[in-house]
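Listed next as structure tokens is one chain, alone, in the form predicted alone.
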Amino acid sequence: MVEFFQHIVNGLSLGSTYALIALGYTMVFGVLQLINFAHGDVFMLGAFIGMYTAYALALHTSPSLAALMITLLAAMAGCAIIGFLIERFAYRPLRNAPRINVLITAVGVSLFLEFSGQIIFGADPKFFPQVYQPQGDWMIAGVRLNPLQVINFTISVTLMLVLQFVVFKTRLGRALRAVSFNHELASLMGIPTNRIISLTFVLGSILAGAAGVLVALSYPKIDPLMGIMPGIKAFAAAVLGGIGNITGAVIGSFILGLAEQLIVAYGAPTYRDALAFVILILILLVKPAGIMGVHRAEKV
């Protein structure tokens, strides 16, 4: 039983990371009905921005929680700018274009970021500096808790709660939900739709940047292609929960994280990465809208 709870703890930690990435997918889809395939690569850029910030400020020479916060904030700020630029120069010019044009552009932006990363950062893996190194593990009722795992989970959940507050309790969030409901009506009511859409990309990219640093801290080998698999898994989690629904994306991410951890522990570890695709196929066959998603009527 202790072993089972240990895997549950590990699964929740993994799921919280997927949730940060999945929220970016679900927010952009909710506003634009667009799958931003470049989102996983923003996650990768967050890890590299964090790495170069840590080395530039020599934060790895005195690891601490403050050093982690500085690295995290730098990655979030850098990814916010990247998210804004992606929306402004790649997606906004195609706002009224056929859906297939935007889809192809999203794939192109993803490939551009990946191969540009290989040119700029180099194709070989880099070591992420340990800006935070807690000593020892915590034991609670026989369950071993890694302090790094706990801090990652705490930061992830805190960022999710902040996003939830912004979307549902602020004037900005009301504007975002209005644009998500209907662009034209929101514009007629005086809401700056272009600004709100840009903000959606910025918010999603901030969360992806934070996830990049948190993952790199736990698995300190990073490379320009590291965002591919986490991006796909986070997308599957968003679809599972109901893409376009913020709460659904979080629930789907935790389900995927737990399922992945349990299949590694009690099933076939070699199928760990395939699990996300299996879940994606099953949810599309059984309930295409996802756990908390709703069907939308579309004119064709």
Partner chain sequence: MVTAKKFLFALLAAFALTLSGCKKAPGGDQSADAPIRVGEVGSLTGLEATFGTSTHQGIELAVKKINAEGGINGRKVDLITLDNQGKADEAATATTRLVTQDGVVAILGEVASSRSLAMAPIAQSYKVPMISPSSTNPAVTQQGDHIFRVCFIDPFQGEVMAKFALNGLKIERVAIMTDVKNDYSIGLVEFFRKNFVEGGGKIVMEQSYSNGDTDFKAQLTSIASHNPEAIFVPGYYGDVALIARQAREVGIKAPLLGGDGWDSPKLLEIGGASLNGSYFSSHYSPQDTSPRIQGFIKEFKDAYGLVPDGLAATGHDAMLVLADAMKRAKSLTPSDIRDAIAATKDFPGVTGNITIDENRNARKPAVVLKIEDQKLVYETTINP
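Residue numbers count along the first chain shown, from 1. The structure presented is a predicted model; accordingly, all values stated were derived computationally and were not measured.
The form predicted together with the partner chain exists for this protein as well; it is not shown, and the discussion that follows is about that form.
Asker: Just to confirm, with a 4.5 Å cut-off on non-hydrogen atoms, which of 84, 127, 181, 165 contacts the partner chain in the model of the complex?
Answerer: When the partner chain is considered in the model of the complex, the option within 4.5 Å is 127.
Asker: Out of 219, 138, 112, 89, which one falls within 4.5 Å of the partner chain in the model of the complex, going by heavy atoms?
Answerer: Checked against the cut-off, the match is 219.
Asker: For the chain seen here without its partner, which of 259-267, 240-248, 62-70, 39-47 has a heavy atom within 4.5 Å of the partner chain in the model of the complex?
Answerer: That would be 259-267.
Asker: Does residue 193 make contact with the partner chain in the model of the complex, using a 4.5 Å heavy atom cut-off?
Answerer: Result no; residue 193 lies far from the partner chain in the model of the complex.
Asker: Within a 4.5 Å heavy atom cut-off, is residue 99 in contact with the partner chain in the model of the complex?
Answerer: Outside the cut-off, so no.
Asker: Please tell me whether any heavy atom belonging to residue 10 falls inside 4.5 Å of a heavy atom of the partner chain, as the geometry stands in the model of the complex.
Answerer: Because a heavy atom of residue 10 falls inside 4.5 Å of the partner chain in the model of the complex, the answer is yes.
Asker: State yes or no: in the model of the complex, is some non-hydrogen atom of residue 118 no more than 4.5 angstroms from a non-hydrogen atom of the partner chain?
Answerer: Residue-level check for residue 118: yes, a contact with the partner chain.
Asker: Who in 76-92 is close to the partner chain in the model of the complex, meaning a heavy atom within 4.5 Å?
Answerer: Heavy-atom contacts within 4.5 Å come from no residue here.
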